[in-house]
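Let's start with one chain on its own, the form predicted on its own, as C-alpha cells.
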C-alpha cells in the first residue's frame, strides 16, 4: 500500500496557488490595456511553472531568478526606452489617441436654458430639495426629493417626483446655509420623472449638461457650438482643424527616426548637442587623465621607503575617497562662490581678481575638472599603490646600479608594468565619468546656458544631465527625444564596456 506523499502534495498546492496568483496578475495587466506586458508576464509565468514543476528543467531552478531579474530590470527598461525614442512622447503627448478622444467627448457644459432653481427645506434630520422654474413663463411644474442627508462629497443620485399640492414645506434655507452643503450638492445627481438627469450648475440651480463635442462617422470631432471639425493628425499627434488649429492634449504617435534625425538635421538643436557631446568626451578623458596623473604620482612618492610618516600621508590623501561625494561637491561649490568663497577671497587678496567661476563657461568647465580630479585621484592612488607593490624590487636595484634617475625608473620600469593592469580600470573610469550626473547636477546644474536655443542646454552639461533636463526640467518634458539620446548613450557605454572586456581578455592571455 502506497503512503500519501505529503511533500509532493504541498509542492503541487504551492504551484497551484502561484499559478492562480500569476494568472490574476496577468488578467489585471491585460485589463489595464497593456496587452504586450500581459503576454510577457504570461510567458514568464509559464516558464516559471515549467522550471519548478518539471524534473527535466531542474538545472534552471538556480538560474531562473537571475534570468528573470535581468529581463525585468535590464532588458525591459532598455527596450522600453528605445521604443519611447521612436515616439513623440512628451508632456503634450502623454495619452493615447483613444484616451484623448474619450477625454474630449466627455467634456460637457451646463445647459443654462433648461436649468431649474433649487431650494433646500429642512425635514427631520434631512433636507428636501425642491426644483422650480425661474419664472412662471417657463411653466409651473415643480419637483421634490425625499429627505436627503447631504454630507460629504461622495457621488449620489436622488429621484425627483412632482411636488404634491398638499405637501407642507418648511421655510427654505438661506443662501449662506445652503452653501454649507455645496460639496454634497456638487456630487449629487437629480433624476426627473422623464429620466433626464440634472447636475449642480451654480449657487441656486441644477441643470442638464450639454456635450461639447460630437464624433463623426469618419473619426473626426465636431465642436457643437461653432460647428468646427477637427481631424486626427497621426504625423504630429494632435486633432487639427483645416485652418491648422490644434486641440490639447495631444496623443502619442510613432515618429520613426525623427528624434535621431533631429540630433543631426536640426541646426538649432545640433549645435548645442554636438558641443555637449564633445565636452562630455573631453570631460571624461581629462578627468581620468588628471586623476590618474595625480594618483599615480602620489602613489610613487608614497612608495619611497625613506619617506617618514608614509602611512599618515597615505591616510590623509585617501580621505577624499572616504567622504561622500555629494558633500565634497557642495563644499567646493561654496569654496568657488564668486562673492563669498574662500578661493576668490585668496585670489582677490593676492592678485586682485575675483573670477566668475559659475558665469564664465571656460572657468566653469575648469572648476568641474578640478573638483572631479579631487574626487577621482584617491581611486587611482589605491590602485597604483597595490600595483607598485607587485613590481619586483630587484628591478629598481639593478636600475640604481646602472645609475638611472627616478624619471627613468618610472618611464622604463613602473609605467610599462602597471599600464596593462590599469587599462580596463581606466576604461571603466572613463565610462563612469561619461555619465557623471551627480557632479554636474550639484555643482553647476549645467549652467551657464547656451543662448538662442530651442531647448535649454548648458555649457557644462554632459549628455546624461542634458538628457535629464530634456526629460524632466525646463525643456517641455520631451521624453521621446530624451529616450533617443539615452539610447545613444547606452550604445556608447556598451562600446566602452566591450572595449574594456577585450582589453582585459588580451591582458589575461599575455
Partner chain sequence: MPIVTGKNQRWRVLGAHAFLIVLLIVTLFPLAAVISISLRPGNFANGSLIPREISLEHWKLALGFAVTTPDGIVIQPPFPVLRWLWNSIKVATIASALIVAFSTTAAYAFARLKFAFKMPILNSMLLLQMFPPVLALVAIYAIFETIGNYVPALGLETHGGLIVAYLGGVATHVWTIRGYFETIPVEIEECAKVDGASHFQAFFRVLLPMAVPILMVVFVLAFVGTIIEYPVASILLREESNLTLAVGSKYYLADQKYLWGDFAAAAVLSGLPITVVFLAAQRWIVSGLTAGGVKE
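Here, rigid core means the biggest group of C-alpha atoms that superpose within 1.5 Å across both forms. Numbering follows the first chain given and starts at 1. Just so it is clear, the structure is predicted and the values come from calculations on it, not from any experiment.
One more form of this protein exists, namely the form predicted together with the partner chain; it is left out here, but the text below deals with it.
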Query raised in the report: Out of 204 to 212, 170 to 178, 259 to 267, 419 to 427, where are the residues with a heavy atom within 4.5 Å of the partner chain in the predicted bound form?
Result: 419 to 427
Requested in this report: Let me know the one among 53, 36, 32, 43 whose heavy atoms come within 4.5 Å of the partner chain in the predicted bound form, would you?
Outcome: 32
Query raised in the report: Of these, 192, 289, 302, 184, which has a heavy atom no more than 4.5 Å from the partner chain in the predicted bound form?
Result: 302
Query raised in the report: Is the gap between residue 379 and the partner chain in the predicted bound form 4.5 Å or less for some heavy atom pair?
Result: yes
Query raised in the report: Are any of the heavy atoms in residue 23 no more than 4.5 Å from a heavy atom of the partner chain in the predicted bound form?
Result: no
Query raised in the report: For residue 494, is any heavy atom within 4.5 Å of the partner chain in the predicted bound form, or not?
Result: yes
**Report entry** Non-hydrogen atom contact residue 307 with the partner chain in the predicted bound form at 4.5 angstroms
**Finding:** yes
Requested in this report: Taking the partner chain as it sits in the predicted bound form, which residues of 377 to 399 have a non-hydrogen atom within 4.5 Å of it? Please list them.
Outcome: 377, 379, 382, 383, 393, 396, 397
Query raised in the report: Using the core for the fit, does the CA position of residue 494 change by 2 Å or more between the shown form and the other one?
Result: no
**Report entry** Yes/no, residue 455 Cα shift of 2 Å or more between the shown form and the other one with rigid core fixed
**Finding:** no
Query raised in the report: Core aligned, does the CA of residue 26 move at least 2 Å between the shown form and the other one?
Result: yes
